[in-house]
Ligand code: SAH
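Given as structure tokens, the chain that follows is alone and in the form predicted alone.
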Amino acid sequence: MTVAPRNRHDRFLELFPKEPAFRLRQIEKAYFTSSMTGWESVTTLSKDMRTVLEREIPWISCKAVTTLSSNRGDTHKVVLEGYDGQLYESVLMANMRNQWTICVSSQIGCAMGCTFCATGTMGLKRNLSSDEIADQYRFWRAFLTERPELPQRISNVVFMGMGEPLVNLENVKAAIHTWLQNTDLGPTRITVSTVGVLPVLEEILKDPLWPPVRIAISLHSPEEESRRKIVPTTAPHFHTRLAKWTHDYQEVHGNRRHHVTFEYTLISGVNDNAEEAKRLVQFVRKTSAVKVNVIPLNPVSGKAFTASSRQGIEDFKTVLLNAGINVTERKTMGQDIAAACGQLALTVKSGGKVVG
């Protein structure tokens, strides 16, 4: 696995070691100003400095390779190319407020090996840098600016793209702070979705620099043995440790806006039957989680798994609802543009075509 490149901040300090601290703040603000489209736009900097920056530091850390829009126009997906030619994805999705949610990637590939996931077949290539993560917001901001007929506000960000964000903790943390400082996103509008890397989950409870964003745990099964068939990297005593962690989280961060959500991808014949639903109820009652978000499987070419039927999804939700569990269902979007995590990047890399 190769490492992520150094960020722009460090490169700027190498180039201009004697510049005052406010210069970096000026530059960071410029990155997130829609009217500024390159170094030549940043007229608060001297012409000589802009010339050096134009040569030495790319204005944005990624380049679009392929951008697709769904037939309904509510989902847009891009394959981005990093500094080393590696490909990763980002998705722009319409939300219920007539605004946009970005689904960002944190790694190129993933080492978690979730058996239903396209990204898991890639293995882990490298971590994304904090700039590469933060610039996914900047890419979509520019995309919308060029399309004034579309709603313009990005109101939410979810770490549900390629990679496991808690394995790239420092870069993810830095990117989140960049957004909090330079956009109108508040911490409860950012969700970090994780398969549940328990040592890191425990670490962030003691980290004063961890931003108070929302946490979503990709659970997928109420029991350890069956979960390991879906998430092979499941740690021993996972559910017992996770239940305790949710209560610890509640003590440190918990309130009406900061609560733990469990995500549960429904796979036909694997984890979608009534008995699994009842066991899920029993597990959720041991935790401080206040919501279960069920996710219809987005089938991946080459994988044997299929999505639960509509009736199966409704029956599963009914068991939870009748037990008093707060249940939501994630809306399926962008199937005509390979919006499942990792699908489009793999298609582009292999030279294939996406058929809408």
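Since we're looking at a predicted model, the values are computed, not measured. A residue's number is simply how far along the shown sequence it sits, counting from 1.
The same protein has a further form, the form predicted in complex with S-adenosyl-L-homocysteine (SAH), not shown here; the description that follows concerns it.
Peer 1: Check whether K77 has any heavy atom within 4.5 Å of a heavy atom of S-adenosyl-L-homocysteine (SAH) in the predicted bound form, and answer yes or no.
Peer 2: Heavy-atom contact with S-adenosyl-L-homocysteine (SAH) at 4.5 Å: absent for K77.
Peer 1: Under a 4.5 Å heavy atom criterion, is V172 part of the interface with S-adenosyl-L-homocysteine (SAH) in the predicted bound form?
Peer 2: Outside the cut-off, so no.
Peer 1: Since only the chain is shown here, I'm wondering whether T265 would be in contact with S-adenosyl-L-homocysteine (SAH) in the predicted bound form (any heavy atom pair within 4.5 Å).
Peer 2: Yes, T265 sits close enough to S-adenosyl-L-homocysteine (SAH) in the predicted bound form that at least one of its heavy atoms falls within 4.5 Å.
Peer 1: Can you tell me if E132 lies within 4.5 angstroms of S-adenosyl-L-homocysteine (SAH) in the predicted bound form, counting non-hydrogen atoms only?
Peer 2: No.
Peer 1: Would you point out which of 51-59, 25-33, 296-304, 317-325 contains residues with a non-hydrogen atom within 4.5 Å of S-adenosyl-L-homocysteine (SAH) in the predicted bound form?
Peer 2: That would be 296-304.
Peer 1: Which residue among L87, M160, V284, I154 has a heavy atom within 4.5 angstroms of S-adenosyl-L-homocysteine (SAH) in the predicted bound form?
Peer 2: Filtering the options by heavy-atom distance leaves M160.
Peer 1: Only counting heavy atoms and a 4.5 Å limit, does any residue of 198-229 reach S-adenosyl-L-homocysteine (SAH) in the predicted bound form, and if so which ones?
Peer 2: The stretch 198-229, when checked against S-adenosyl-L-homocysteine (SAH) in the predicted bound form, contributes S218, H220 at the 4.5 Å heavy-atom cut-off.
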